[in-house]
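Below you'll find only one chain, the form predicted on its own, shown as structure tokens.
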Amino acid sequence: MSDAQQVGGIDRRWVYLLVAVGALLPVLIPMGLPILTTPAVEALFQRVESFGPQDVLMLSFDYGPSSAPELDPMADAILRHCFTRGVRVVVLALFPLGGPNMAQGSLDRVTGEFSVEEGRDFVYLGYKDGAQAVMRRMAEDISAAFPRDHRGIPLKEIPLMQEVRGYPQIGVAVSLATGILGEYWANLVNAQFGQTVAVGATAVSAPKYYTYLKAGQMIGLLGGLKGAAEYEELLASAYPELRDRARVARRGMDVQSIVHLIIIVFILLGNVFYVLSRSERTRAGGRLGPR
């Protein structure tokens, strides 16, 4: 057996082991690989950065558990950014398969880090079925779509919601979306009601949103784990005290980058071994000559 055939025939279990080590190592020892930010992510960050305590951001959890690894870090980073700047947040969920749990989980993780009060600094409206119908209803009156918050308290009794009646009081609406819900925010809430919209989407869904972004129907787009890591990087650069907390997606990108590098190396080696073994077969055929 030739050297090329011996190396090319490596036991695939060694490949799996190397990938496992490459995925585990950045988790145990953060590598901090550089992350370049894109204009679509920076546009949303700068919009939130321009807000103050008088402004309100609406954050809609339009995804379920299967998209959580990519979208949870976005939600946490945006909430941290808002609470750091004193921006008030209206949270809701429009995705039926786990959306309410995603929203509550993110609030539970982040609100404990800040001195914020539910009802004044943020409000969680809960889940409402109907997507487009709910979006349309909120344009007229949010309390008509959500008469009570997730605790059962009437919105008219909540200090924050006494100031926020509809989209005119919302600085930007951010949809963290899977499926088509993000598109509803762009082609209904923005196009029909003029509400400023941004979307955070899974990596596989992100390309379709660039059409809306270029058409001016969205001001920003966070695409997949990379988009979340970019937002975390901007947040950590602007607020060094948040650096240790805003690193979930950045650590995930270390893992993704290392594993992708390992896969690329094996693809290149596989092609090299194929070319070498083919050359050896050609030379062997030439030595034998015609029969």
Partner chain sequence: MDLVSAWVAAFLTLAIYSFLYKDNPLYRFAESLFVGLSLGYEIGIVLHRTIIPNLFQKLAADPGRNWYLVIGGVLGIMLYLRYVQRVSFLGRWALAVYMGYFVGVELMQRLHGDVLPQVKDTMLPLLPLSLASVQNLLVLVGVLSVLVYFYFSRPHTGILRPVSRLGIWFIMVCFGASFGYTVMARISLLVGRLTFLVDDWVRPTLAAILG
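Note that the structure is a prediction, hence the values are computed from the model and not measured. Numbering follows the first chain given and starts at 1.
Below, we turn to the form predicted together with its partner chain, even though it does not appear here.
Undergrad: So, Val48, Ser115 and Leu155: all three within 4.5 Å of its partner chain in the model of the complex by heavy atoms, or not?
TA: Contact check failed for every one of Val48, Ser115 and Leu155.
Undergrad: Taking its partner chain as it sits in the model of the complex, is Glu70 in contact with it (heavy atom to heavy atom, 4.5 Å or less)?
TA: Yes, Glu70 is a contact residue.
Undergrad: With a 4.5 Å heavy atom cut-off, would you call Arg283 a contact of its partner chain in the model of the complex?
TA: No, Arg283 sits far enough from its partner chain in the model of the complex that none of its heavy atoms falls within 4.5 Å.
Undergrad: Although its partner chain is absent from this view, report whether Tyr184 comes within 4.5 Å of it in the model of the complex, heavy atoms only.
TA: It does: once its partner chain is placed as it appears in the model of the complex, Tyr184 has a heavy atom within 4.5 Å of it.
Undergrad: Would you check, heavy atoms only and a 4.5 Å threshold, whether Ser66 touches its partner chain in the model of the complex?
TA: Close contact exists here: in the model of the complex, Ser66 approaches its partner chain to within 4.5 Å, heavy atoms only.
Undergrad: Given a 4.5 Å cut-off on heavy atoms, tell me which of 155-163, 79-87, 189-197, 169-177 is the interface stretch with its partner chain in the model of the complex.
TA: Every other range fails; the passing one is 189-197.
Undergrad: Which residues, if any, of 198-214 lie within 4.5 Å of its partner chain in the model of the complex when only heavy atoms count?
TA: Going through 198-214 in order - heavy atoms within 4.5 Å of its partner chain in the model of the complex - the hits are Ala203, Val204, Ala206, Pro207, Tyr210, Thr211, Tyr212, Lys214.
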